[in-house]
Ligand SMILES: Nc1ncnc2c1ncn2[C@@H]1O[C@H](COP(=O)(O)OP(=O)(O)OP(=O)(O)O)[C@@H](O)[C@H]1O
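Here's a solo chain for you in structure tokens, the form predicted alone.
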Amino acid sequence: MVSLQHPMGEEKRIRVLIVDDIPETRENLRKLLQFEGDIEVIGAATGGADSIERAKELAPDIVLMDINMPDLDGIAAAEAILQASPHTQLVMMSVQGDADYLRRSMLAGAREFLTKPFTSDELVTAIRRVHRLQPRIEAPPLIQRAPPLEETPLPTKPEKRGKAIALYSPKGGVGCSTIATNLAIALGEEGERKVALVDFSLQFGDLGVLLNLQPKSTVADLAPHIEELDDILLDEVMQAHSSGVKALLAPPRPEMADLMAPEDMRRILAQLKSIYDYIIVDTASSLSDSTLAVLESSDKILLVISPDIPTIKNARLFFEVMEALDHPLEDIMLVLNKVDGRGSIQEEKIEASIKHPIASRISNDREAALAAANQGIPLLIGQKNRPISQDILTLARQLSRELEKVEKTIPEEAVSGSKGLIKRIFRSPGIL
């Protein structure tokens, strides 16, 4: 591993201010950081009010802030610090790790949340990850825009209308994430197209692992600034892969999924459509309001199933739900994964049970898929000649043709969000 410490001082060190009302905690944190060559503890504050003055005085890169303090709690102090020192970033700490604390911290402007006790590695990793985000928040508002020049107006950017393709399976372990990853790469290879890959399996998303991308920033970083969302902000949060695909990764911890509301996910997809030609979205297996918001905002849904009774049963229920929600069934492509012909249920019986035709088939190659996942090298990069890879390329071409046939428009009401989708489903006849 390359050291970030340079004896001649070429590399700027990350300047950290520690804020905690317990002296032993302040000292322990200092000790945890003292041997990190790229991190420097420049001071400590004994409480929230003291931290505001110390931040103004020292202008730290990172404030390591405890939430529960007697004089002024860390969340209120964090808001005041960001007003006074916009370039500073906040890492919050608390012995309570519930979702309410996390949400309040992030809304106050914190970039990371650590639950005590935490290890030295967790602390150092959080500080470095947060520091990498610093260039995009030099001053409020988040992205500075120059006022337009009246005498030389800029030309209007033509409205782009990209296509969002959501991959969903009513059962985990079917292979959605593997197909999503390779489908995005395949679509990028079909002509000069800009392709985004979005991990909206917010609790346990795996796209970063499958692409071997370190989560420098994730969709959770957009949550406090969703009202300011634009092309520039999205580009800074997304991560580039060697294939040319740009990825928006899931949050690093499951509880951070609560930071994203269904309306936020709609807004993100709408913005991505103004930048990219294709947006491939991986979703969670549960039919939550968030997942349904993504499905409703997509131009195509790839329903991925495997040839087994539980998955087939769930797929049939999924179509019933979509029909109850008046979602056009022709916008759903049924993709049969893990096809091997050895004892599997016949395709005719699957179609008869689900009452929907199979649009595409992908070969079963557990060995190749497992190797790709473990190595972080997608099939279309490391094993392109395998039948499973060729099947995904065929799916990409088929999908391109389907999307070129119809220019679908999303109703205006879909952009504003539709709350209570699950309640709508359960009120519909024939579902319960």
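In case it trips you up, residue 1 is the first one in the sequence shown, and so on. Values in this document were obtained by computation on a predicted structure and should not be read as measured data.
FYI, the form predicted in complex with this ligand isn't displayed, but the following is about it.
- This chain appears without its partner; in the predicted complex, the one residue of Leu303, Val294, Ile362, Ile127 with a heavy atom within 4.5 Å of this ligand is Ile362.
- Only one of Asn314, Gln271, Ser290, Ser177 lies close to this ligand in the predicted complex, with a heavy atom inside 4.5 Å, and it is Ser177.
- In short, of 214 to 222, 81 to 89, 319 to 327, 169 to 177 it is 169 to 177 that has heavy atoms within 4.5 Å of this ligand in the predicted complex.
- In the predicted complex, this ligand sits beyond 4.5 Å of every heavy atom of Ala45.
- Among heavy atoms of Ile388, some come within 4.5 Å of this ligand in the predicted complex.
- Among heavy atoms of Lys338, some come within 4.5 Å of this ligand in the predicted complex.
- Interface membership of Asp277, defined by any non-hydrogen atom within 4.5 Å of this ligand in the predicted complex, is ruled out.
- Taking this ligand as positioned in the predicted complex, the only residue of 195 to 233 that brings a heavy atom within 4.5 Å of it is Asp206.
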